[in-house]
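We begin with a single chain expressed as structure tokens, specifically the form predicted alone.
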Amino acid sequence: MQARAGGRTDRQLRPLRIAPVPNKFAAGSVLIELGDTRVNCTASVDEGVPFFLRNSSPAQGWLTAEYAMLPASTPNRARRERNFLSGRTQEIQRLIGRSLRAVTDLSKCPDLTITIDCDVLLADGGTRTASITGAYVALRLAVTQLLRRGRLKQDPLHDAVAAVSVGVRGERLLCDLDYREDSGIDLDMNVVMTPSGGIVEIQGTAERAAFRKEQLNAIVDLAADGLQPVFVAQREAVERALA
């Protein structure tokens, strides 16, 4: 059986660190480190909403996300996406936005737009899952600031959310794939969940052969177990930032 980098077990995540980062202009800002993957996540707040929500009744706010790989985040310099976004970038930022909106009651933040920016500083697999996990903490900090300022009357966040990747290699299930593992996996899934085990989204692709329903169930179970320390890390990061 091939050993995993760092000697971790098949069910074990890479070392995780979520650190609040002082930012003069962002309402919430954190750096998340998952193994060698590092993502800076910020939450910015603007008055007003997109045109499709103007004059909506009842009034509601909007939450969206943007994602980018910085040039030196990969072994070969990643080109800046200036005039158009790649399909991968669009798909990831939409996933981040959907994941956060799933735990946000937008009717409780009327006439506000919250934009989450996830900038990958270093990529070694799991950038989208790390982005979702860090983005929630940045959002939580931003919402708390708005509540303290009296700009929000009610807390729009009704749950937490985080994500993890799970891969299948032969009969092995591997939690939290790094780049080397991801590039040679038979099946790769990204699972977005709430602390109670609610499923927000599952993205899965079989690289070599179709997978079975019982494999899917086992993957979701492993993701739920793997995310428990992640939710603890999120709560602790929020507590440190607000202390």
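We number the residues from 1 along the sequence you see. What you see is a predicted model; the values in this text were computed from it and never measured.
Keep in mind the form predicted in complex with another copy of the chain is missing from the figure; the text below concerns it.
J.: Given a 4.5 Å cut-off on heavy atoms, tell me which of 98-106, 166-174, 147-155, 134-142 is the interface stretch with another copy of the chain in the predicted bound form.
T.: Single hit among the candidates: 98-106.
J.: How about residue 56: is it within 4.5 Å of another copy of the chain in the predicted bound form, going by heavy atoms?
T.: No, residue 56 sits far enough from another copy of the chain in the predicted bound form that none of its heavy atoms falls within 4.5 Å.
J.: Hey, in the predicted bound form, does residue 23 get a heavy atom within 4.5 angstroms of another copy of the chain?
T.: Yes, residue 23 sits close enough to another copy of the chain in the predicted bound form that at least one of its heavy atoms falls within 4.5 Å.
J.: Given that another copy of the chain is not shown alongside this chain, does residue 220 nevertheless sit within 4.5 Å of it in the predicted bound form, heavy atom to heavy atom?
T.: Output for residue 220 is yes: heavy atoms within 4.5 Å of another copy of the chain.
J.: Taking any heavy atom pair closer than or equal to 4.5 Å as contact, tell me whether residue 119 reaches another copy of the chain in the predicted bound form.
T.: Residue 119 belongs to the contact set for another copy of the chain.
J.: Considering only 198-233, what residues come within 4.5 Å of another copy of the chain in the predicted bound form, judged by heavy atoms?
T.: Contacts from 198-233: 198, 199, 200, 201, 202, 203, 204, 205, 206, 208, 210, 211, 212, 213, 216, 217, 220, 221.
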